[in-house]
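Starting off, we have a lone chain in the form predicted alone, written out as structure tokens.
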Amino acid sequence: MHKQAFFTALLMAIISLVSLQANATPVDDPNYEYKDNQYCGGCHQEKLKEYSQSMMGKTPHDKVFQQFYFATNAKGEFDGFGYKGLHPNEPGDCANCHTPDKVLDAGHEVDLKAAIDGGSKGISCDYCHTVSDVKLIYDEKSGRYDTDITRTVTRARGDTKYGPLGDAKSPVHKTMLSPIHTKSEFCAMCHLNQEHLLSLSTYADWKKSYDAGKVTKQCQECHMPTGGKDRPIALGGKVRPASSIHQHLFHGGHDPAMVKKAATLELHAKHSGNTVTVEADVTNVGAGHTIPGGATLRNIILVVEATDSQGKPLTHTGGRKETLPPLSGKGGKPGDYAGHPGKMFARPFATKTGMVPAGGFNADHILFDTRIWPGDTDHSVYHFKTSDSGPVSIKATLLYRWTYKPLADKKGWKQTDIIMTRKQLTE
């Protein structure tokens, strides 16, 4: 037999043997040590490149996340605003999602620094692909979830990797089809967090809309889209149709292209005498959950501007109910829109003493909830006065922010507004 043919036959035999050896029932090996992402990327080069660019792939080393946990600012100075500022001697539950390997190994909450110093690999390829089940625990009587991953996540650590393909074969590890990897419940192990309030509600918001028939897609269909050209998913693998190859970029609120698909804006105005009435309709057309999403710091602001024929701003006569709150930025710096005609879409938390914004770790109540549910439209009206009989110009801009501007200013975080959409008209 020719050498090349011999080695090809040998490789195929090994692949077949490995595939046949995959256990029918997931078994967890407590002595297994997670592989580095670079190890997986030796064969899955495209997936490693994508995942390394994602926010999830950068945790727990993302600076903003660490500064919010350790209560420091962008300069590394302790400012007290963050989890450790209020609970210096408690570990908290942040590590549950940012260093889940160390939490599950310990069987209880762990301090983030201890987890990082202990060599946590974060949300690694190996972690996700050795999770065999995720259980949702909800108490209908109390209306509360149990989101402790030591009770919701089942691992099957070992040389069997779990995923959405039933015919995957590898000479390096065993493979097993995993239905949970195709369902939103898999994402719920981190994108659902019950503290005093449901501080991260993304899965619950999706589930409510899904059960109501307003959403038909699972999380993976939007945040792990397929596409490109037909290709192997690993070096030496068979060519697969692009429709079966999912991206691992996990684009969401930090990606302008993703954010811009979420909403539409319609603008109407009526000019009668010296009165101008502006109506704005914002519709959630692209998100399978609320916009903004279920993390309490996310916010969207609608900024409405009206000028006369000379370009002079019109006097707003609609009162405070038609203006943006202090959370949109107060102080006169660029991007400060507090008191400006418009509306904020958000779910900010407040402490018992009324401090806003609060994190899930010190929240007492929801200040307001103006998020827009899938398929729903928010309608708002604004009133202006003009002394000019000429035409007036109206401009409305929808801006997305991953955190509230006062908090970004306080922490020294750089935040660039994402323009979701903008409309202009003359009346």
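In this text, residue numbers run from 1 along the sequence as written. Here the structure is a predicted model, which is why all the values come from computation and not from measurement.
Beyond the structure shown, there is the form predicted in complex with a small molecule, which is absent from this document and is the topic of what follows.
message = Within 4.5 angstroms, counting heavy atoms, which one of the listed stretches 341-349, 274-282, 314-322, 67-75 is next to the small molecule in the predicted complex?
response = That would be stretch 67-75.
ask   = For Asp308, is any heavy atom within 4.5 Å of the small molecule in the predicted complex, or not?
value = Asp308: no contact with the small molecule in the predicted complex.
query = Do Gly166 and the small molecule share at least one heavy atom pair within 4.5 Å in the predicted complex?
reply = Gly166: yes, in contact with the small molecule in the predicted complex.
query = Given that the partner is absent here, does Val103 sit within 4.5 Å of the small molecule in the predicted complex, heavy atoms only?
reply = Although the small molecule is absent here, Val103 would stay clear of it in the predicted complex, with no heavy atoms inside 4.5 Å.
query = Do Gly85 and the small molecule come within 4.5 Å of each other in the predicted complex, heavy atoms counted?
reply = Contact check for Gly85: no, nothing within 4.5 Å of the small molecule in the predicted complex.
key: Full three-residue contact with the small molecule in the predicted complex, heavy atom 4.5 Å, for Tyr51, Asp126 and Gly294   = All three within 4.5 Å in the predicted complex.
key: Proximity to the small molecule in the predicted complex, single hit among His268, Lys113, His196, His254 (heavy atom within 4.5 Å)   = Contact residue from the list: His254.
Listed residue (Ala363, Leu399, Ile394, Cys40) with a non-hydrogen atom within 4.5 angstroms of the small molecule in the predicted complex = Contact check passes for Cys40.
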